[in-house]
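Okay, here we've got a single chain as structure tokens, the form predicted alone, with questions on binding and movement later.
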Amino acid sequence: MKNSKILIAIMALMFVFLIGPFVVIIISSFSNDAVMRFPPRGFSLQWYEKVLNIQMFQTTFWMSLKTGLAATFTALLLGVPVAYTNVRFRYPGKNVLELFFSSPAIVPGLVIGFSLLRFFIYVTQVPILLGLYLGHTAILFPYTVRVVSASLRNFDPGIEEAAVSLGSTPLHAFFAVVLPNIRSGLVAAFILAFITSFNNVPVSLFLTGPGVATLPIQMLIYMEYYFDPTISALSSILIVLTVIIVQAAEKLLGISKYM
């Protein structure tokens, strides 16, 4: 009994530690003070109205959305065949190649961002927008490979082999049998990759430039000059949207087993 009380107390402390910052942000977003304060002295929705009226937040939101969607689709297009190859086949150097594919998720984001910046400037000299898209694709690739690989390992390969034995080509069996059966894993990979891209700071910090910025970078810039609850309001909106998307996907597809 004593041990159970200790475990409950530890779980309660961890819950407060993990959830507490979000509660503070959400509550402070309704403050009527001119500066961020907790607890707030009064209630107001003015900061939410301000968020919706600030042009730079609107512009960078669409930039983050378009970059995240483009990079996520590209990472999936590249990650699905790589995951399929790693799960279904054995070949020399497989373990080394898997480690190499995982490197963007292991190496610190600041190192990746700086390396990509130097590569794009001195070697390829690509435009800023294209560099941002390629950088996000690189950091999302390992997430798609891992999630899709987990989904493929849960799929019985005998079903695919049965389709081939009945006259289907391997390519047709892949599209007609494999992909429909791992759609939950594909959705999980898409959601995880998109959220990672949308919220990314280290890589975006190096790859953005004049006229090109993502929403998280714009939020950092805003906080350098203002300390009002506007960022709390914007953060609360992002928190709620993220929770809704993840919970909806979980209820419909049960994606938690892949993430």
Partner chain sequence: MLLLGPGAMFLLLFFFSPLLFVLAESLRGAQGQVTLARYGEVLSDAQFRIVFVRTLKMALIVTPIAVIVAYPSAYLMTKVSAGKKSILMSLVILPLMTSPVARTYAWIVILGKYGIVNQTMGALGLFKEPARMMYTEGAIIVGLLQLFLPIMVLTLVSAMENVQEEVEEAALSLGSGRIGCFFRVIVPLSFDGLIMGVTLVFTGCITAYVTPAILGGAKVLTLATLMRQEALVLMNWEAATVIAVIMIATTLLLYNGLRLFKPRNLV
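This is a predicted model, so every value here is computed, not measured. Numbering follows the first chain given and starts at 1.
Absent from the display: the form predicted in complex with its partner chain. The rest refers to it.
Residue-level contacts in the predicted bound form: of 45, 52, 56, 223, one residue has a heavy atom within 4.5 Å of its partner chain, and it is 223. Proximity to its partner chain in the predicted bound form, defined as a heavy atom within 4.5 Å, singles out one entry of 127, 108, 180, 158, which is 108.
Proximity of residue 248 to its partner chain in the predicted bound form falls outside the 4.5 Å heavy atom cutoff. Not displayed here, its partner chain is kept clear of residue 175 by more than 4.5 Å at the level of heavy atoms in the predicted bound form. In the predicted bound form, its partner chain sits beyond 4.5 Å of every heavy atom of residue 73. Contact annotation: residue 231 falls within 4.5 Å of its partner chain in the predicted bound form, judged by heavy atom distances. Scanning 193-229 for heavy atoms within 4.5 Å of its partner chain in the predicted bound form gives 195, 199, 201, 205, 206, 216, 219, 220, 223, 224, 227, 228, 229 in sequence order.
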